[in-house]
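Take a look at this single chain, the form predicted on its own, given in structure tokens.
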Amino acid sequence: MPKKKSTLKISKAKAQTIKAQAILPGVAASPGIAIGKAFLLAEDHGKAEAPTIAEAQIPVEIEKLKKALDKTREEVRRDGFYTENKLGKEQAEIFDYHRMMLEDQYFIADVIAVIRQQRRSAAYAFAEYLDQYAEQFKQKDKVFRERIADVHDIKRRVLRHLRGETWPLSNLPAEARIVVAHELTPSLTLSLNRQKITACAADLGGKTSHAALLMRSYGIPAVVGLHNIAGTIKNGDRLIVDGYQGRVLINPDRATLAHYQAEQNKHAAKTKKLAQLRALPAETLDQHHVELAANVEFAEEVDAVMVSGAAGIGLLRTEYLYLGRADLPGEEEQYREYHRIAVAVAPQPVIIRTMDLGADKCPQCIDIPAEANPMLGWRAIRISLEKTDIFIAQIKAILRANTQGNVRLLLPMISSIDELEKALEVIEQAKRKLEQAGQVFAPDTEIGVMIEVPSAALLAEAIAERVDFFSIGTNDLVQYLLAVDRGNDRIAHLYANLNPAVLRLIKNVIDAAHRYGVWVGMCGEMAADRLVTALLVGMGIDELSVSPIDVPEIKKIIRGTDYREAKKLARQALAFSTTREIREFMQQYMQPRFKDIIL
């Protein structure tokens, strides 16, 4: 389930008045709005001259390389130490990968071999080797591709020491600037002076890159994936970086500038006000409680959960442990990761979803063949039930991690009772293995099912007899129910959370679960849709799990809703027969009550 963007919106009327020399679309890497002058970093692709050196020069170049590596290792160690102290242990782990590469003796031996055998300079041999290494990543999955920036970062660090160069930001003007670069690397991001940098924009990069994670930790607005902003702007150009919509405006007109300045002020005031709700429970005006948790895609986001006001983690996606690597994560590695997160969040709950691989998440460590229709193919629980050794290792790690009693296990993509019973039997096998090994674990760990396939929704009562909780995954449920590929722009308008068929099916699932004493959560995109929050509360949802950034506004809506009135609202909405009627009805109800949230 992809993360929902923050909801700072611009109405259609306002959007038509926005003018600039150019408006470049990109990827929203870190939320916020910044207005300022551009500081263009001269692009250094790490190219190095390739002279043929004399035989006698070989030991000199090897010694230069070793010294440069030593300096870089010390630099990486300092950066990791600084990051852990300032931003937390999770963010510091970014530099572990850099350190491991720099300490890899096989890698160093290969570079030295190029110096000796081809009689090339240390700079050329190192740059050539790292370029070939990065090229291999381009052929792999998304996580590997996003780590290319880390390879480039290491290359630039070492080349800088080989050449005796200074940091690229050492000549930054005194006044605050927006840094524009071809690529943002972790070391470049870490070197940013928060007093001088208001935002960043880059040609390359993705939302899950290490640099993007650091940007979010710093609270610096950033837009990446802009393709050619570095070749479009000049030093001193006035820019607006919109980290909500994921775009950069170059030399905007006065009206656009005034509009974004107003949006900046409005959002700052709203954020300050919403922060007052952080410690308050998500309960309605008449004291009906709704669990409000956060979705987590990477361990680095746990800190954001803690400060958002969320009551724990409603969905911990575990795919990040499998993606971007050639080997499978072992039971011990997974146990340490899950246990660390569970302890950090305790006593609040952590719902850990077993691997939801396949479709658009194909790791190198599991051979997943190409399919004509992967969204309906070999994925999620279907892979787990065939690769039971991998599945058992993950289950054992989850059960062992539940030392605080706050961990719950969630099974994705269940489509039949047969499939569920097979999964439950594998869980029992994992428990027996743990018992035989004499390992400490929590045998009574709650087990839940994601309701994201229409057949599971129709079998809700039978499933409820066998599990402890439901989590409705609306992203897949809606597209399967309505036969709409939400990634297809041509038919995206048909993908509608407020389609009456969607609402009625969700209501049936909630009612069926409650008849068996099973609580129901929702972790899909619909859970963060402000227009339907009160409606979901009225339908009887027990828990909502959203991105950390969405928590404050959803909490405000819940706290401003009367449960008895919401139940009446739900009955009225469910009586309509078209999406348009329901949307207009909800707009009329929500907009007057939450003017600062519903536009």
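Source: prediction; values computed, not measured. The numbering used is simple: start at 1 and walk along the sequence shown.
The form predicted in complex with phosphoenolpyruvate (PEP) is left out here; the points below concern that form.
Proximity to phosphoenolpyruvate (PEP) in the predicted complex, defined as a heavy atom within 4.5 Å, singles out one entry of 315, 224, 528, 401, which is 315. Just one of 396, 379, 182, 177 comes within 4.5 Å of phosphoenolpyruvate (PEP) in the predicted complex, counting any heavy atom, and that one is 379.
Look at 248-256, 350-358, 335-343, 100-108: in the predicted complex, residues with non-hydrogen atoms within 4.5 angstroms of phosphoenolpyruvate (PEP) sit in 350-358. Shown alone here, residue 301 lies farther than 4.5 Å from phosphoenolpyruvate (PEP) in the predicted complex, counting heavy atoms only.
Remark: residue 475 counts among the residues lining phosphoenolpyruvate (PEP) in the predicted complex, judged by a heavy atom distance of 4.5 Å or less. Taking the partner from elsewhere, residue 450 is found to have a heavy atom lying within 4.5 Å of phosphoenolpyruvate (PEP) in the predicted complex. Using a 4.5 Å cutoff between non-hydrogen atoms, residue 486 counts as a contact of phosphoenolpyruvate (PEP) in the predicted complex. Shown without its partner, the chain has 523, 524 in segment 509-531 as residues with a non-hydrogen atom within 4.5 angstroms of phosphoenolpyruvate (PEP) in the predicted complex.
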